[in-house]
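Just one chain follows, in the form predicted alone, and it is written as structure tokens.
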Amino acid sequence: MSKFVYFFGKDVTDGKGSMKDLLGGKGSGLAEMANLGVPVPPGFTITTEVCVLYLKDQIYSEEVLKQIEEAIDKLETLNNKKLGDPKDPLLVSVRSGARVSMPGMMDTVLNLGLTDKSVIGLANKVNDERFAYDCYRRFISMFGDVVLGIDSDKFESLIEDKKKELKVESDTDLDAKALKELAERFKGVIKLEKGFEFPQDPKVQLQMAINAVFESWNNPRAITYRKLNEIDDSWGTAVNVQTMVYGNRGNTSGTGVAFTRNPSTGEKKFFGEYLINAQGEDVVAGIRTPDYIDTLGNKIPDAYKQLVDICQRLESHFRDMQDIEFTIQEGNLYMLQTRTGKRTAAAAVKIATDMVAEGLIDKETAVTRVKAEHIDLLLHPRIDPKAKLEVIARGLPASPGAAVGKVVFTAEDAEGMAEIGEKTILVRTETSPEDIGGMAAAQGVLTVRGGMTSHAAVVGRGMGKPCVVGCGEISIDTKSNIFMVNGHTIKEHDYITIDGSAGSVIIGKVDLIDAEINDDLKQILVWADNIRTLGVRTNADNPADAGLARELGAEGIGLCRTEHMFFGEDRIPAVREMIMAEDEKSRKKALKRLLPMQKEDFLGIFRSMEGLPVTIRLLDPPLHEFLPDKEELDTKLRELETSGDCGKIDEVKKVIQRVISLKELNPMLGHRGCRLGITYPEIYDMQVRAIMEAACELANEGMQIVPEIMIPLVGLVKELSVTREEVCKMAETVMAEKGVRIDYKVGTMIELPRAAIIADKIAQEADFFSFGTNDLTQTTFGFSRDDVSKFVPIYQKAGILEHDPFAVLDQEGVGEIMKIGIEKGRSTKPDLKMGICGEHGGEPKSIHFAHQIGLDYVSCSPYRVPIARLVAAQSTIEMRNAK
């Protein structure tokens, strides 16, 4: 027979702390405290299994009802009181308790069991009519709100009216007569709103309250909270029915919430708030202003000393910071809850390192206590939690951190404003590689279109710039230099704030908090490095990013995108000259101009990564991306025709013709990657020469340089063999010229499903594989990664997709293709080195998956390197514990 109800209390506790999945966090905590001999009012927990069954069928089995009835009998016997007894009633609280803490998201009912008759018995028993009717009016209003769904304002307004009538300020100033009148009025509200009388049978009250708490698992705020915190909808909540104790019995009574350490800073100091002569809801609801916990010792000293002792015991027992609730009834302390306390990012890191120093936990446990999002927050400026703000729109949280600046609509304006010291937010319909200067100059980027792997997102993350993309609510009017959203009109140079961690757009200036890279975080990452087996590299295209990534712990570069080097003001003319060339000779002339510039880039990057591998991807994007937008060219042509500048008119017309000739219906599947290198081998020849000349020169200076040349978008073995042969020929030529031998490698990106399927053959020509998961996701799903923001959010809301597959690696489809590629590639070369260089390399779930399928490393943007180091260690611990 299944057990659905677990009792807790002195000498009669069924459950224990390890039963969170079944009893929820609150129920398992109560059971464990009871087992430890901590004073806990007795009660029982109805399991999460019952919640799941009830929400499915809206009924309880006979066995569940029988076990609830037996638990009530046991509770009545233990207390020597009965529910509804007109002389000495048993009152209970009914509280939720999910296996993962969801503070304030689900419902609670206090003082259950009071009726018109039993309230009189309670008043006589305790010789305090005011206390009894204070409990009754609280219960009726809470029952009306939580169980019957009546707006709580309908009850609160009656309280306010009564206080005005009696000319008093606080609820505690209302006398017994006033509270008795309020109880009657509250019952009248229920009759008026629901058409039936407030129930006078405590068993009916209890069953209705249990139903309501179970149903609160699916209230809107709980659903939203679960979505934000990735909590499984199928878990359900437990319900805890517990004997009431009263903090509202006068000045020797009170109630409070506390933490065994400061949840904001992590400081090892008892932290919390309490109210004298109050019930728990008064503290959390903000009805009265609470006092700091350390002043409780002056008011109820014995109970305070006992509370501090118990909290120290609980923290030592659970080996983590505890969030506790307590009530003091006429000097006697009762513990109502203990659970792992929620904390800020800074506190999480400090508490983890402090507890290792105190001998409470080991280093592996400390590493598991810090979350990826904690590091993300600590490495980027963020919005001050005390700040008041008005969110006017939401997009995709493409690159974390927060930024404040004046709105500009062009990259040129962002650069111009930066030159005079003005901070800006670059607002674009979508960014292009030509916007790179403006993106670098701006504090952050906001786009109307684009997904999590759009140009703005990828470049923003690489630069460590806050970025919000795919904010489709925004409408930009470029002629008037304004954007409109949800009734707001934002003009050029108006201030806005963006939060790239939350995807929000905020009107005006908001106070920010600077990044905090402290010694505690460094220590956690050192421990993580000693644990992990998965390598961590970075995606970096310039010496500054490479140097930053190395400081943050990168073990090399997994992806250097050479095309990003082509967009500097000094080199874009040569790139366009190369594209406009009508024959090979003209192309080579332009490329000769680019060679020293590209070589200088590699010299800087190699120096930054001396002794570490640097994977350089040869030119990948289609050529049209390096030319101006056709609409811009058409506008320029009309202006020139108006002015009559014939010389420039012909030049612009020629560029337009070239743009038209290069136009492709689907450029992401078109003439790019190795296809470009095979069509125009002189482009790759120039790049390989630049790479090898830089490597040879630095080797002559005594540096160890480890170049890895990566050929993109291979789908046919012959594509790789032909291109590899050209690469090696140029490399050998340069080394012969320089008189230096460099140990270089030539590999490929696996970013097409066909490449993964024939990976055993491709491996014959490759020294390494790097999974380009952005394009592999695009070509597996048939999704355009720049357009998914139009429908993926709808898919997620409808439950068709759990995550944006460009943000979180699709393990079921894309992941299976990767497994095929790994298995087949290593069937040819067992030691073939493999990694991920797509944006998934910095996403925690994807990093876990990379570890599970046996990749050698992940590569991510510099600011995500510490996250990858942490998550890689957590993956090692998780897999070791699973064995």
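As the structure is a computational prediction, the values presented were derived from the model and not from experiment. Note that residue numbering follows the sequence shown and begins at 1.
The protein also exists as the form predicted together with a small molecule; that form is not presented, and the subsequent description refers to it.
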Please tell me whether any heavy atom belonging to Arg785 falls inside 4.5 Å of a heavy atom of the small molecule, as the geometry stands in the predicted bound form. yes
Partner proximity in the predicted bound form: Gly838 to the small molecule, non-hydrogen atom cutoff 4.5 Å: yes
Given that the small molecule is not shown alongside this chain, does Glu325 nevertheless sit within 4.5 Å of it in the predicted bound form, heavy atom to heavy atom? no
In the predicted bound form, is there a heavy atom of the small molecule that lies within 4.5 Å of any heavy atom of Thr344, even though the partner is absent here? no
Segment that reaches the small molecule in the predicted bound form - one of 615 to 623, 300 to 308, 581 to 589, 72 to 80, heavy atoms within 4.5 Å: 615 to 623
Picking from Gly266, Gly772, Gly677, Gly236, the single residue whose non-hydrogen atoms come within 4.5 angstroms of the small molecule in the predicted bound form is Gly772
To verify the annotation, which of these, Cys471, Val119, Leu379, Met749, has a non-hydrogen atom within 4.5 Å of the small molecule in the predicted bound form? Met749
